[in-house]
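Just one chain is shown here, as structure tokens, and it is the form predicted on its own.
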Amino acid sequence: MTILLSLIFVGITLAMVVMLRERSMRQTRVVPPGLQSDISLPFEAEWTLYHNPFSLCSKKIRVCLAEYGVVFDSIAIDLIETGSYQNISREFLKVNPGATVPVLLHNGHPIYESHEQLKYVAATVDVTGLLVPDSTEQRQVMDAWVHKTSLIGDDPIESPEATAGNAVPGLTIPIFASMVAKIPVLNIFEGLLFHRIKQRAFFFLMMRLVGLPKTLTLKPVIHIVNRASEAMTAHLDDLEQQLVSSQGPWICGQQFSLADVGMMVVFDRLREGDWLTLLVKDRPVLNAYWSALQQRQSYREGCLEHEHPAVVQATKELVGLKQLQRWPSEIPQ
């Protein structure tokens, strides 16, 4: 018995040592946005993109690069929603200690945060003003809407009123719940050990354990989704007013701009979550805008060609729940 207890103690001690060593090698931290000219990473092409098929911000920079026809090396990084916490692996943390995607490299120098990546790409390759208006007034409009479609802060769910980008994660919870239902619990548990934002990993673990139908009945989840839907409704009201004011078809009038790049991926996420019928129906201006967005080659290249099978399945599952009246058929009040 004494020998057995000794072996158990040694085993636990070794496990703790290994875990502490691993944690020391997988430290995450907040990183400054924009170009990191003092950091040089291995590269083979002028442009390299570390991205995730499902990530909203990854969609945004892929659409931007497609609009400009920029050729890039594509390196897909898994998030827990798409299979594993590859974003907190030792290898990826060398690329971005913040553990977030996308990361865009230009000649080996990383640019962090998607809104900064949009600006950097435009400043570097947009010699004709393709996606950036000439007038100061229209550039200000564009910049305001680039901000409005951005994810701001460590936990956007806490402030969906701030931007349309921040309203998206709350509306994405049903998709998350469907996707993580197929992920091994141990994969999710890794986030509790190594991810900087523990509450996010805990939330995913909770959804994994209770399943999609039960998740959608939890009062905290209902509150988050309702708040996000109300915030998104307000953001879409603003968009509708802007499109009427600019006389369309785009946010800055006749010119498709970086503002529309950001809004394109917001609409695509609403499509994935089966929210378009609820939030855009009976709005001819927004319907026309969404139809125009879908006609662009960049939408196919940046969004549709990167659809993840788990997302496709999640959308079908949500549609099915609505048909069974187990998910809202009208905008929550």
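Quick note: we count residues from 1 along the sequence shown, nothing fancier. Remember, predicted model here, so these are calculated numbers, not experimental data.
Same protein, other form: the form predicted in complex with a small molecule, not shown, and the subject of what follows.
Participant: Please tell me which of T163, Q242, N87, S229 lies within 4.5 Å of the small molecule in the predicted complex, judged by heavy atoms.
Facilitator: Filtering the options by heavy-atom distance leaves N87.
Participant: By the heavy atom within 4.5 Å rule, which residue out of H109, H147, R200, K214 makes contact with the small molecule in the predicted complex?
Facilitator: Residue within 4.5 Å of the partner: R200.
Participant: Choose from 274 to 282, 296 to 304, 65 to 73, 48 to 56 the stretch whose residues reach within 4.5 Å of the small molecule in the predicted complex, heavy atoms counted.
Facilitator: Result for this chain: 48 to 56.
Participant: Though only this chain appears here, would P133 touch the small molecule in the predicted complex if you measure heavy atom gaps against 4.5 Å?
Facilitator: Because no heavy atom of P133 falls inside 4.5 Å of the small molecule in the predicted complex, the answer is no.
Participant: Against the small molecule in the predicted complex, would H195 count as a contact residue? Criterion: heavy atoms within 4.5 Å.
Facilitator: Residue-level check for H195: yes, a contact with the small molecule.
Participant: Does the small molecule come within 4.5 Å of any heavy atom of G170 in the predicted complex?
Facilitator: No, G170 stays farther than 4.5 Å from the small molecule in the predicted complex.
Participant: How about L151 - does it come within 4.5 Å of the small molecule in the predicted complex, if we only consider non-hydrogen atoms?
Facilitator: Although the small molecule is absent here, L151 would touch it in the predicted complex, with heavy atoms inside 4.5 Å.
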